[in-house]
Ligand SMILES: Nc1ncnc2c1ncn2[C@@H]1O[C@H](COP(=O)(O)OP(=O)(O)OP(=O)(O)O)[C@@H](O)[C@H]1O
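Take a look at this one chain, the form predicted alone, written out in structure tokens.
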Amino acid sequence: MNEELLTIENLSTSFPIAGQLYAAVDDVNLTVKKNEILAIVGESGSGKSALAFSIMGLHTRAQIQGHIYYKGQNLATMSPAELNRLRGNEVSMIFQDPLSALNPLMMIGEQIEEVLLLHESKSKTARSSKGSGQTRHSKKFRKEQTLDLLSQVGIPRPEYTYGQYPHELSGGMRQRVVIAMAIANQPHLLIADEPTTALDVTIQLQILELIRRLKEQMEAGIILITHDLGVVAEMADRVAVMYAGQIVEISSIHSLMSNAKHPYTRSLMSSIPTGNEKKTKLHVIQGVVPSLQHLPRQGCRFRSRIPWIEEAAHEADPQMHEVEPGHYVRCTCYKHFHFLDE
């Protein structure tokens, strides 16, 4: 399907530091379609979570500029009351740290029921799975829905988990609970911010498979934020590579994996262990992502980490260039990039 759920135009999110504003998200343009997974990938500090929080309207001190259109409505200009009606209902988010996202003083069942109760008007004719004809105003119905959600996300004993507190669950179980809360009202747009961080490999695979299955069942658009290109290769339909607050490359997953262009994208991909016996060492990206206060605001933001490329290879004002249909790359330095050990 080609229906666009989300269109982001020239979005900048700036935070005040010592009396000055610094953009953590800088002139970002993106679209998310129905029934697709758009992965946003980059190192820690690239602005991925800041972008997600901007979409959800969760920043309290940031200055937001630009447009965030969800089904034609500009989220950036909505009032807090309007955003509250939308969040958790049509647009939901799976947070990176499930322990901090859950209320330690409330039972798991109560927290999921609270999400259902806040948005109960969404389903005008909702009926329980047992056909009792009770609406979502019914406590009994909400409990049935909560147990069903816990079952959907693979929790083996929903009735028992319903009465537990967050600290009594493992990391993987808490992540499943957070996912259950995020999908409780069958959102059309789901943002998953590093949903497998700190989980062991087996649980990671289960969580990712769950997200993929939910996308297919709900035909939702999903934004998957991660720094793991292995996850991206398995899950994404399209990929946006983010560095220092900007999108530096965006394309379909197939085009990116077979024909990555930007030096940052290629460096990330070369840093992944491949099992290739001929490759004796991993590529290491020099330096680190600059802090907000020290971000270069002019020229190519990646140039300090690839000093062997001549300055003339970079654009003074880097733009996105379409190198093939649907595949865009920022700055002309991609034409001159090579690894020192090649």
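One rule holds for the numbers: they count along the sequence shown, beginning at 1. Quick caveat: nothing in here was measured; it's all calculated off a predicted structure.
This next part talks about the form predicted together with the ligand, which is not shown.
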Contact check for 33, 211 and 221 against the ligand in the predicted bound form, heavy atom at 4.5 Å
no
Among 65 to 73, 313 to 321, 300 to 308, 39 to 47, which stretch sits within 4.5 Å of the ligand in the predicted bound form, heavy atoms only?
39 to 47
Close approach of residue 292 to the ligand in the predicted bound form, 4.5 Å, heavy atom:
yes
Tell me, yes or no, whether residue 24 is in contact with the ligand in the predicted bound form, where a contact means a heavy atom of each within 4.5 Å.
yes
Is there a non-hydrogen atom of residue 328 within 4.5 angstroms of a non-hydrogen atom of the ligand in the predicted bound form?
no
Would residue 138 count as touching the ligand in the predicted bound form under a 4.5 Å heavy atom rule?
no
The single option of 152, 96, 89, 252 touching the ligand in the predicted bound form, heavy atom within 4.5 Å
96
Candidate from 85, 227, 174, 266 lying within 4.5 Å of the ligand in the predicted bound form - any heavy atom:
227
